[in-house]
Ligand SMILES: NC(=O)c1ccc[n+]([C@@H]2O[C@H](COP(=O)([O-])OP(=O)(O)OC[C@H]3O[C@@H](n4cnc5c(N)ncnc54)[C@H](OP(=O)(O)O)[C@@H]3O)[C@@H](O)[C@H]2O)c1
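Single chain ahead, by itself, as structure tokens, in the form predicted alone.
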């Protein structure tokens, strides 16, 4: 019997990595890395890895000899990036480039998760050919990493990810879990009426990343959702699906809430290229109902 190929997932203790590690088991023997938060994922071999340590990525690739790598680990909170510039650059620029160069040298397929935040939200919809124009440090560093990887390791699949939600374990929860706790406790929530995203569940995101790997994608790919929706309208749909009081939701504008990092207003991404490959994002309500049935 031919052994199954080995997939290495970085950031397996994070929200996306945790979901991806489970979805990938249908076709792969999965290995995962974590840094601070060890987790247990059935049938997944997990190892601690500090990607910032000199030589650590090369040693990891040499030790485990994966057939493919999906790099999801990052500092992904825009406010945290704005407050920790050096750490953000290290984790969001240097480390992805090191993975790309290491995989390219060994001819290992690599899928790396970038972000919709490489755009300013002023001229949607954005295609893969739209020039990056970030408005915060997180988006700026991701855009710099994209440029370096495209120039030095062009066979890398760079998947720009949208707002994601879904199943999670502590400490890597999505925003759904605290949102539900607040509503169930009778606490009001402020949500932006003027910020638009194209959200997907982590399950859909995982299948999109595995599709990019399976199809041998090179360069940029948008794995966005199927509908453009405001944060406030997303919250209303969540409340409806879980039969929780919508009157606890308070609409507000971005300008009403002081934040360390500026946020783009409208990150509508064209996902036509991904759909042509077989990507199948669902509407938000269907994704929420499937999540409700699992929680």
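Residue numbers count along the first chain shown, from 1. A quick note: this is a predicted structure, and the numbers were derived from the prediction, not measured.
Just so you know, the form predicted in complex with the ligand exists too; it's not on screen, but the next bit is about it.
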Exactly one listed stretch (27-35, 233-241, 247-255, 62-70) reaches within 4.5 angstroms of the ligand in the model of the complex by non-hydrogen atoms, and it is 27-35
Using heavy atoms only and a 4.5 Å cut-off, decide whether all three of 8, 102 and 150 touch the ligand in the model of the complex. no
Would residue 274 count as touching the ligand in the model of the complex under a 4.5 Å heavy atom rule? no
Within a 4.5 Å heavy atom cut-off, is residue 279 in contact with the ligand in the model of the complex? no
Is residue 88 part of the interface with the ligand in the model of the complex - any heavy atom within 4.5 Å? no
Non-hydrogen atom contact residue 224 with the ligand in the model of the complex at 4.5 angstroms: no
Just to confirm, with a 4.5 Å cut-off on non-hydrogen atoms, which of 137, 164, 212, 110 contacts the ligand in the model of the complex? 164
Among 49, 229, 261, 46, which has at least one heavy atom within 4.5 Å of the ligand in the model of the complex? 49
Quick one: which residues from 11-28 get a non-hydrogen atom within 4.5 Å of the ligand in the model of the complex? 11, 12, 13, 14, 15, 16, 17
